[in-house]
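Just the one chain here, the form predicted alone, laid out as structure tokens.
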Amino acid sequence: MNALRSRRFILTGLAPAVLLYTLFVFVPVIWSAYYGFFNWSGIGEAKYIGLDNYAEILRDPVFWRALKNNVIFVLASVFGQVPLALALAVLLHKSNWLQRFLRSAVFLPMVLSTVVIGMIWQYFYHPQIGILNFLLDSLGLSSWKLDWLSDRDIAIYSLLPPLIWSYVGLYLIIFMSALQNIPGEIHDAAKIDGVSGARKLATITLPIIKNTVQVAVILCISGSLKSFDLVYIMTKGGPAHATELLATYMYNSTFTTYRYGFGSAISTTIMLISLLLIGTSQWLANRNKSKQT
């Protein structure tokens, strides 16, 4: 009887969140997938065209450029944000005043608007008044000065530092929570056995928080595929689609040309690519885990 009451209480508590998630996330996803099969301008009658929108997406070179750029973002997030946040968490998980200050400094971008972050880095990269080119001038490296956001060969790579800087604080907090939840007895046993430093990190700490790292990787992949605001503020996908991402490609295709059916097909494609990448990352993680066991 008590178990039944507890189950009812849990279901009653979850019901509002599940209802809101269904109405504002699940239903729009299904609705968007449905309109991906139609030619629709957002007003008037929608004309069913089957898979034509998806065929047009696959033929569009801008889509493949956006997909390539998104893959670069995913790799930068997974191999930039996660290792950096993990290293900072290991260094800053204690609680003296300096480490508290550094944790706050690393987390600061998380409380800033993405618009503010984009404008800060725009000034940083500005070819005339930017801090980066000024520093290069001061160091006698004027030949290294570039138009960081206007050169199509390097623009996408110029967006990676602000991307990593913006979200590393989130994963720092996640990893610090995981490290603080490791029982003290494990640290004491490792100390008695003479295990410390890098060996302790590799053989004890990382295996314990492996599931947390996997969650962080999933968040990195899904967040990178949804990246929009930072890129839109800094470059709007230019120059010449050099920094176009799947999200900006969807936005421009939907709201500048009023092709809501085509934009819905792009959003469904983004969701499928995200599921594919997340599934692949989990398969690789589970495969490595099975090999170790």
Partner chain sequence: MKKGIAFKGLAFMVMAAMLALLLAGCGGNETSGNGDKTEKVSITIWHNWTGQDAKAVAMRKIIEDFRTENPAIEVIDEGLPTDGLRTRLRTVAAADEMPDLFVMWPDAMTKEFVKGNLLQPIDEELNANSEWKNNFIPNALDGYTVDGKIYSVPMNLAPSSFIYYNDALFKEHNVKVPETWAEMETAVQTFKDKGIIPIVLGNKTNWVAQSTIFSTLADRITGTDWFLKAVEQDGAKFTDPEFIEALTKLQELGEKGAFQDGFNSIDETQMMQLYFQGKAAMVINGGWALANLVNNAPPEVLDQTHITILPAIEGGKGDPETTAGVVGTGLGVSKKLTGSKKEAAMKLFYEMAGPEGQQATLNSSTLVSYKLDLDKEKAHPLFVELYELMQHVKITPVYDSKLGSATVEVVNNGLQELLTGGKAEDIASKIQNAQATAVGN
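Only the largest set of C-alpha atoms that superpose within 1.5 Å between the two forms is called the rigid core. Since the model is a prediction, treat every value here as computed from it, not as a measurement. Positions refer to the first chain, counted from 1.
Keep in mind the form predicted together with its partner chain is missing from the figure; the text below concerns it.
In the predicted complex, its partner chain sits beyond 4.5 Å of every heavy atom of T205.
Mapping the unseen interface onto this chain, A66 falls outside it, with no heavy atom inside 4.5 Å of its partner chain in the predicted complex. Although the partner is absent here, W283 is not a contact residue: none of its heavy atoms lies within 4.5 angstroms of its partner chain in the predicted complex. Under a 4.5 angstroms non-hydrogen atom cutoff, its partner chain in the predicted complex lacks G279 among its neighbouring residues. Proximity to its partner chain in the predicted complex, defined as a heavy atom within 4.5 Å, singles out one entry of K210, H93, H126, H187, which is H126. Taking a 4.5 Å heavy atom cutoff to its partner chain in the predicted complex, the contact residue among I117, L149, I221, L172 is L149. In summary, the region of this chain contacting its partner chain in the predicted complex, judged by heavy atoms within 4.5 Å and restricted to 103-111, 69-77, 194-202, 150-158, corresponds to 150-158. Heavy atoms closer than or equal to 4.5 Å to its partner chain in the predicted complex belong, across 36-56, to the residues N39, W40, S41, G42, I43, G44, ordered by sequence position. After superposition on the rigid core, the Cα atom of K236 is displaced by less than 2 Å between the shown form and the other one. W40: CA moves 2 Å or more between the shown form and the other one after rigid-core fitting.
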